[in-house]
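To begin, one chain is listed below as structure tokens, in the form predicted alone.
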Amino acid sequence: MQFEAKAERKMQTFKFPEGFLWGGAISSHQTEGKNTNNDWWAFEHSQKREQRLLKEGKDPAEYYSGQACDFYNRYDEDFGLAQQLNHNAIRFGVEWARIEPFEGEFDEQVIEHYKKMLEAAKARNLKIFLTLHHYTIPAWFAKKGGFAKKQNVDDFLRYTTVVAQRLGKYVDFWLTINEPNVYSIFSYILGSYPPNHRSLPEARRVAHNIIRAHNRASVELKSLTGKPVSMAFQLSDIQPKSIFSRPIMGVINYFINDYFLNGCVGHCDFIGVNYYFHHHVGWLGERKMSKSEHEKSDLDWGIHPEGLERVLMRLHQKYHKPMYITENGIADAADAKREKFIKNHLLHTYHAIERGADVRGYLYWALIDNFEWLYGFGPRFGLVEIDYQDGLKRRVRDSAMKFAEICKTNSLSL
């Protein structure tokens, strides 16, 4: 009894603000699968990619999205799981290539299907963060040059307008584009995402046009729906390796974190924060993902929850906007680290709130295991496990139940 009393005295409870939003996040292509009209589907099945995978000793069949998690048809089951886990919010997306499979031609059956999907989420009392672009674009748009051409921004605006007019009444928060910095870098500098180009001038044009696309779409979305609009920004914690690298740290921060924010923040009602990485910057500007002295995920990514607090405080001090954490998660197939990961990141979120940051929600990535782009189905980020060998059965992980208690009580006990 004396031990129990002592343990109880050590327990601390951190209460989050009233109305705080809790939930999970997913994207369309990663969970829906069978999207033959977008550029990623074509890339997955390209001979060049298959040959590269074979050269790396990998089976190309394990890197096709296929039916993914069949969320397109099993959405109500997944929304039901979110509700059972005490979530009051969810982030998911609609797929441009499904809605507009050919330029200027909109598929009414698909729009109606997404309407039912949104209605099902609302029936579960879930606040909806809806993403319009999450890395994938229609094949016809890619053929026109995608976001590399300024005139093509009109195509994105046309799509945005149709979605807002037909589905906008169900949406609580709009996210126009997911991780524009990642999209620009991986698609047009590293060349590892479609269209697999390596061109700095082209990457620069894409970046400018994505900013244009968001700013114009934001005006349209606000006019048609009145709902808050932002992007989901991939934001990293950048720290100097030594005092000699402090000057260059500001330059790296600008290009990694601030470039898109500075261009779009005037058309953002809040800031969507995706946080995964902590980097050390050398005096020549070289970046190294911090892994030493930190636990690591299955992807060998260093786990650094303190970095989230620094990111949130930097945003608060620089931009003075409300914030929602729209992604934060860990690849952890054994479910051995996820509970600690979530709690530690939430603790530092709470500390940021105490220090004045206006953080209003936390969406864990991901609600369910899914197709993780270049990594295929290997990484397991989900609160809910997907059994790909047994009819895509859903199994709630133990860490999801721990997170469910946090969601239910709106508080973190440590």
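All values reported here derive from a predicted model rather than from experimental measurement. All residue numbers refer to positions in the sequence shown, first residue = 1.
There is another form of the same protein, the form predicted together with beta-D-glucopyranose (BGC); it is not shown, and what comes next is about it.
The contact residue chosen from Y135, F341, F186, F270 relative to beta-D-glucopyranose (BGC) in the model of the complex is Y135, the criterion being a non-hydrogen atom within 4.5 angstroms.
For the options F260, Y324, Y114, Y276, the one in contact with beta-D-glucopyranose (BGC) in the model of the complex, meaning a heavy atom within 4.5 Å, is Y276. Although the partner is absent from this view, E62 stays clear of beta-D-glucopyranose (BGC) in the model of the complex, with no non-hydrogen atom inside 4.5 angstroms. Contact check for T160: no non-hydrogen atom falls within 4.5 Å of beta-D-glucopyranose (BGC) in the model of the complex. Though the partner is left out of this view, E309 does not reach within 4.5 Å of beta-D-glucopyranose (BGC) in the model of the complex, counting heavy atoms only. At the 4.5 Å threshold, heavy atoms of S218 stay clear of beta-D-glucopyranose (BGC) in the model of the complex, well away from it. The three residues E179, Q234 and F381 all sit with a heavy atom within 4.5 Å of beta-D-glucopyranose (BGC) in the model of the complex.
The candidate stretches are 367-375, 45-53, 385-393, 353-361, and the one lying within 4.5 Å of beta-D-glucopyranose (BGC) in the model of the complex by heavy atoms is 367-375. Taking beta-D-glucopyranose (BGC) as positioned in the model of the complex, the only residue of 25-47 that brings a heavy atom within 4.5 Å of it is Q30.
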